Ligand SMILES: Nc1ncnc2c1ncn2[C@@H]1O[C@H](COP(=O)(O)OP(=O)(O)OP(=O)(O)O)[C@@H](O)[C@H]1O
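This document opens with one chain alone, in structure tokens, the form predicted on its own.
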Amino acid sequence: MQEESHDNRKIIVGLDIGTTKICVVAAEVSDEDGEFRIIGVGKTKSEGLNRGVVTNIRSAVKSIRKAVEECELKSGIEIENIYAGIAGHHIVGLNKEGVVAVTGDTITESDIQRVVEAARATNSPDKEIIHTLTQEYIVDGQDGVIDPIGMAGKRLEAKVHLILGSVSSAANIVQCCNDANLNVLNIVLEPFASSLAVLDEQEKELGVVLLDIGGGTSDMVIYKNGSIVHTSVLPLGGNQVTNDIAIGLRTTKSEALRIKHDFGVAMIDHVEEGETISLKGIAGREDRVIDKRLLAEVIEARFREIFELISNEIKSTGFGPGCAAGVVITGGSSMMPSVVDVAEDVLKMPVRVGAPTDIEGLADMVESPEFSTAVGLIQYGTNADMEEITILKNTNNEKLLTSISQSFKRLVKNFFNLF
């Protein structure tokens, strides 16, 4: 599968299908060095999704099409091929190992293929492998090997991190894109894509937790020694904060969303005494004036709960003490004022907000945490020959996600050293 070409320009498009928003970013990529320049951006409210999973295909298609059309208008191109993000509580990360006997005197690509296939063996009939990320190879007990081809050895081991997702959830994303007249070149885990956009190599080597806090879920990946060692998705995000505001302040969800965006603060101590905000009345009732600290109290309570769950998840993995670079939070909900202070207080780790940087082209439109996934999809697309999704038509003309094949030529290198 190939990226789009317009007037000899290589174009890559990332589609972030979130619970609260759809983001589309188009970039022109240089054939010489792989650098890209943003040429188009589209964003619209998401419909037909809940916690990252498609619940209404027609509504989701309409939202996707609207965001794509906005991006097409800004970029002046017609979008056909895209890299699509996937998230949701169905995502599972597994660390697996494979072992094979080397067939000759030295290790060949065929040996690499066999050992990775051995590591990929799973017993999950309802889930498909989305990514196979190599962590290291071990040759006759020597660990830390990045590229074993050509090395002498008799026993070859591979440690990999598998990211699996629901077959039906992936198929529904592909179906939505197809119905929006888009061809899916690959499906990419959203927090993985976000990590490509906001983390630097030093953080990955030192060990870091990446939290992508969206509207419906909080997605986590943990890096250690440059590779992903843990993946998980928690079913809590910004929507729960909005719902709490609506209930706690007795107002509509639309009004709760407005005051959250306009006046929200994640820590009550950062609100001055006596500050007030105006709430629109419901069903013809008069507007109300409330203490801004009351709003902050509701927001802080929910964020503390989210970070407590994240803290428990980090502790359960056993990788927390090795994350010397701390925590990087991104996604739309990370833009809430004072959220870093709450996160540091709960997680007891250094925290920063991550967003795409050093972007060329329409930089001012995408250098924001809410575009981390879409920009990360562009960066993934510049190395798309690492993995490939095969989308076939069955006898009923339905387009389904049927398999994910690996390019073993690229698996001989550490996945993350390529970025």
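A residue's number is simply how far along the shown sequence it sits, counting from 1. Keep in mind that this is a model prediction, so the values were computed, not measured.
Separately, the form predicted together with this ligand exists; it is not shown, and the next lines address it.
Checking 196-204, 153-161, 256-264, 138-146 against this ligand in the model of the complex, the stretch whose residues place heavy atoms within 4.5 Å of it is 256-264. The contact with this ligand in the model of the complex, taken as any heavy atom within 4.5 Å, belongs to 239 out of 95, 183, 122, 239. Contact annotation for the candidate site: 21, 214 and 335 all lie close to this ligand in the model of the complex (heavy atom within 4.5 Å).
Residue contact check for residue 85: none of its heavy atoms lie within 4.5 Å of this ligand in the model of the complex. In the model of the complex, 370 is the single residue of 348-379 with at least one heavy atom within 4.5 Å of this ligand.
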